[in-house]
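In the form predicted alone, a lone chain appears below as structure tokens.
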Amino acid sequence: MTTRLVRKAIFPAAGLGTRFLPVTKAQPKEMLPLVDKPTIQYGVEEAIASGIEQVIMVTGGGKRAIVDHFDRSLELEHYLEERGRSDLLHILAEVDALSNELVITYIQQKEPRGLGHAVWTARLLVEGEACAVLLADDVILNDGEPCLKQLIDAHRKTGATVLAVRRVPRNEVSRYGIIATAGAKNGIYEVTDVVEKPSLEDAPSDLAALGRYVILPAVFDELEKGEPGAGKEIQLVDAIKRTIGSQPVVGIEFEGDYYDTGTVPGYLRANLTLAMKREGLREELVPLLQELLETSAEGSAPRGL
């Protein structure tokens, strides 16, 4: 099947981030740091490494910090130059380079009507092409081929809408969209249904669809109908589900380390895990963690906290 290149990626970034209040009252949740980089930057870097040419940021009110992050700060650069801080200037240059490697376009979702509505908001910029969707909350890191690149390769082979899937513990299936499948061929699952947050008894498998998609134009046609789903919001997974039967939908059990930063425990876990992998930080954290474990067992507070 002949397919066009996947050139564009949508980043829905209009959510209110209520799980992280009060910090997200004035700070976009996508800008919360994982060690020393905002979560959304990891996704943009993945898009670049996957061959994406244009990123479409769907934002809402109070998201100016995202725009500023990917723009140059001449005042800050001048300040650092005067003080000879070439090390920090190098860090800024790395961020600036991201917006030089692709086009970043911003469009506003006027009201919070769900993930599907946020994706639909970008329809005119997609121009009837298959495109990628990345959720900044889901950080997926891989020393080899990026997760999105794995999905794009599967789309080229199949011409299908592609979901990034991973097996989750059976007792956690109610947190995810779970796929039903007719089996796999060469590591690609044929998706026959998607059940949003099923009970353990109703879950068709333990394969959860996570925050990476390549979607066909037919998905936008379904989103156009504006049919509300869970939470009375327009859901992306529901629109994908309605294309099954008329359009191919497949799942890829991707390779890479997955971090769910959309909840406070998941965010803290991701920060700690990535910090422990960072040379220089790991040496400082190991003694602290050992002290925390010891003092927790003793029921007292650690020194210095």
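Residue positions are given as counts along the sequence shown, with the first one as 1. What you see is a predicted model, and the numbers here were worked out from it, not measured in a lab.
There is another form of the same protein, the form predicted in complex with a small molecule; it is not shown, and what comes next is about it.
> Counting non-hydrogen atoms within 4.5 angstroms of the small molecule in the predicted complex, say which of Gln150, Thr158, Ser205, Gln109 makes the cut.
Selected residue: Gln109.
> Please tell me which of Leu210, Leu115, Ala130, Ala122 lies within 4.5 Å of the small molecule in the predicted complex, judged by heavy atoms.
In short, Leu115.
> So in the predicted complex, is the small molecule close enough to Ala13 to count as touching (4.5 Å, heavy atoms)?
Output for Ala13 is yes: heavy atoms within 4.5 Å of the small molecule.
> Would Ile179 show up as a contact with the small molecule in the predicted complex if we use heavy atoms at 4.5 Å?
Answer no; every heavy atom of Ile179 is more than 4.5 Å from the small molecule in the predicted complex.
> How about Ile215: is it within 4.5 Å of the small molecule in the predicted complex, going by heavy atoms?
Contact with the small molecule, no.
> Using heavy atoms and a 4.5 Å limit, would one call His69 a contact residue for the small molecule in the predicted complex?
No, no contact at 4.5 Å.
> Have a look at 130-138, 167-175, 73-81, 185-193 and name the one stretch with heavy atoms inside 4.5 Å of the small molecule in the predicted complex.
After filtering at 4.5 Å, what remains is 130-138.
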